[in-house]
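Shown here is one chain on its own, the form predicted on its own, set out as structure tokens.
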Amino acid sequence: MADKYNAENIITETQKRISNAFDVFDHESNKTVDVREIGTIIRSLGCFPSETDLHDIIAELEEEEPTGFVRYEKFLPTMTKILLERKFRPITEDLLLQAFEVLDQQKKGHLEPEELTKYLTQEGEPFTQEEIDEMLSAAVDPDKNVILYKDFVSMMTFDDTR
């Protein structure tokens, strides 16, 4: 009996978090949000899908005839399932640091902005110029004009204490 109550409590708390996040972007208070806000809502809940996964989620949430909006009653069950299955969890700080260390072949403890830009635009899922500019504005040390990646990784990792 306690397990059933605990499971129901977890689902209730999860759905409350989803509702609160959704409501922030429901500017008309009509239980809909602009489809362009879905990624932001999902990330605010601690999930970080790739752009491809995000497009798949949005396709699942949109109406048969896309309206540009997503209804809460479609968002809630999909997002509840994602959160309960712990999908799209953030990368750990250690793993992210290891990735930067692989890129830092001379073991300098930093990367040049041009190096990181090259990796982010030519490998894997390429970043847009806007994404690069936004990342570099946060990552580049203003005094040294390099990316001190240990500091950057600490700043950008998600503390998953929920």
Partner chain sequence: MGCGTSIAIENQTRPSETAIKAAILIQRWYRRYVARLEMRRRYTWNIFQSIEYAGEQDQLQLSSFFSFMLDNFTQINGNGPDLISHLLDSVVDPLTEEVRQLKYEQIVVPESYSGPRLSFPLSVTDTNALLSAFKEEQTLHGKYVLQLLYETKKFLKQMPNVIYLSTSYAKEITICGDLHGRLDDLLLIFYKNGLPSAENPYIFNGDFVDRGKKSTEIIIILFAFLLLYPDHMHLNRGNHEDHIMNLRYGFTKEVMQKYKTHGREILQLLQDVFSLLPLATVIDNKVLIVHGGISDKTDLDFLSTVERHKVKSALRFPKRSIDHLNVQQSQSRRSSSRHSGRSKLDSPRSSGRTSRASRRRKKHFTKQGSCSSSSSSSSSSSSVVDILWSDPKNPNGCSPNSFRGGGCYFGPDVTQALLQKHGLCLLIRSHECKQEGYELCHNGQVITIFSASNYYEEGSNRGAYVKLGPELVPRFFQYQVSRSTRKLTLHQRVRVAEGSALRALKEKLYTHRSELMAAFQQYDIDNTGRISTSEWAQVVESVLRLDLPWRTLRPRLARLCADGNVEYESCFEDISPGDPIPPVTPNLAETLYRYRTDLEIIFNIIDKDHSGQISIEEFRQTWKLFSSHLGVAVNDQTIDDMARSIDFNKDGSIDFNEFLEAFRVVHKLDVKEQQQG
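Numbering follows the first chain given and starts at 1. Rigid core (definition): largest C-alpha set, two forms, superposition within 1.5 Å. Bear in mind the structure is a predicted one, so any value in this text is a computation, not a measurement.
We do not show the form predicted together with its partner chain, though everything after this point is about it.
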query	finding
Proximity of N20 to its partner chain in the predicted complex, heavy atoms at 4.5 Å	yes
Distance check, E13 to its partner chain in the predicted complex, heavy atom within 4.5 Å	yes
In the predicted complex, V146 touching its partner chain (heavy atom, 4.5 Å)	no
Non-hydrogen atom contact K107 with its partner chain in the predicted complex at 4.5 angstroms	no
E37, L95 and M156 all contacting its partner chain in the predicted complex, non-hydrogen atom within 4.5 Å	yes
Residues of 110-130 having any heavy atom within 4.5 Å of its partner chain in the predicted complex, listed in sequence order	K118, Y119, L120, E123, G124, E125, P126, F127
E114 C-alpha moves between this form and the one not shown by 2 Å or more, core aligned	no
Core fit, then D94 C-alpha moves 2 Å or more between this form and the one not shown	no
